[in-house]
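What follows is a single chain, given as structure tokens, in the form predicted alone.
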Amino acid sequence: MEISKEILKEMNRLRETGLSNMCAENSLFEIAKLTIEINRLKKEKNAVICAHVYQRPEIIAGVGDFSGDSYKLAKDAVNVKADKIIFCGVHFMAETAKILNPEKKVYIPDTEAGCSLSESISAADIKKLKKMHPGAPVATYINTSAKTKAESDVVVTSANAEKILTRLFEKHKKVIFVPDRYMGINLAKKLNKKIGKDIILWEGKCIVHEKFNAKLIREEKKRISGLLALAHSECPAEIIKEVDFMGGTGDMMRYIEKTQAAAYMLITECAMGEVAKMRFPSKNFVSMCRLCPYMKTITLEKVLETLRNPKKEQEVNVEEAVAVKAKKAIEKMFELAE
């Protein structure tokens, strides 16, 4: 089979990103055919693609204009100049992009890309918490719906939650942190705050991060001398106790960049390890991950179809009254995180 010069050029570009380390040569050929068309249509439709770090590597490397964790993508969304945003992430992230860009059209390639953590709490739940703890500010993790954010005082991400809560405790004796209970427990320990008295938590959990095995981490650290284990702050405390570093995905990447180790174990969603291998090809990584079934619903084929023929249900909209209140909480995050 003869391959066109255009596809050969695109395959070479994809190899330079490190994607060839993730897939076979025939897969790279199929990916190149899709990325060529997607990137062509982006220009034609005046669209940009935001890709969360948990997305498939071919989406991040092949078509993503912006990629990173929730905080970075929220910041990036503020400066988007295009008419359309195709958000390769989960629904609450696309909502955040729409809140920050009300005049633009925002699409999600798969309407089933939800989030177990986001679905664990509602705006009504926050209203009840505020009645139970009058005067306590509500710090809400970004993994929540727009309606939930709208009932909050400030949004936080895994990258800035510790800093923002520290600033809130400077003025308040009690803070409500929702919905991730494991992250809340980890933050309470770091900030030396008593759960139920100083910091009020919810029972939300992430299906990716709640089921890692502490025993396996200990066994791998014994097997590989010099192994550094990094865990996302959504993991349970028994996991955090076994690792060398806890943080958000951006924090983990920066830690890898600044350190040298025999190997790294990334205890989070599997795509994080794939991106790390692409970014740091000379470093060794040990697999210890779980797939997010929501993130993985999005494929290059669905991105292409969204650009070609976006369906009404794929467009993400946020009621204006909700968006105005949610935007205040997001902007408060930017203010307190700086």
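None of the values given here were measured: they were computed from a predicted structure. Heads up: residue numbers just count along the shown sequence, starting at 1.
Below: the form predicted in complex with 1,3-dihydroxyacetonephosphate (13P), not depicted.
*Asks:* Within 4.5 Å, heavy atoms only, one stretch in 95-103, 187-195, 135-143, 169-177 touches 1,3-dihydroxyacetonephosphate (13P) in the predicted complex. Which?
*Replies:* Among the candidates, contact is made by 135-143.
*Asks:* Quick check on this chain: which one of I60, A32, M295, I49 has a heavy atom within 4.5 Å of 1,3-dihydroxyacetonephosphate (13P) in the predicted complex?
*Replies:* By the 4.5 Å criterion, the partner-contacting residue is M295.
*Asks:* In the predicted complex, do S70, E234 and G248 all reach within 4.5 Å of 1,3-dihydroxyacetonephosphate (13P) through at least one heavy atom apiece?
*Replies:* Yes, each of S70, E234 and G248 comes within 4.5 Å of 1,3-dihydroxyacetonephosphate (13P) in the predicted complex.
*Asks:* So, in the predicted complex, is S158 in contact with 1,3-dihydroxyacetonephosphate (13P) at a 4.5 angstroms heavy atom limit?
*Replies:* Yes.
*Asks:* Output the sequence-ordered list of residues from 53-67 with at least one heavy atom within 4.5 Å of 1,3-dihydroxyacetonephosphate (13P) in the predicted complex.
*Replies:* Contacts from 53-67: just Y54.
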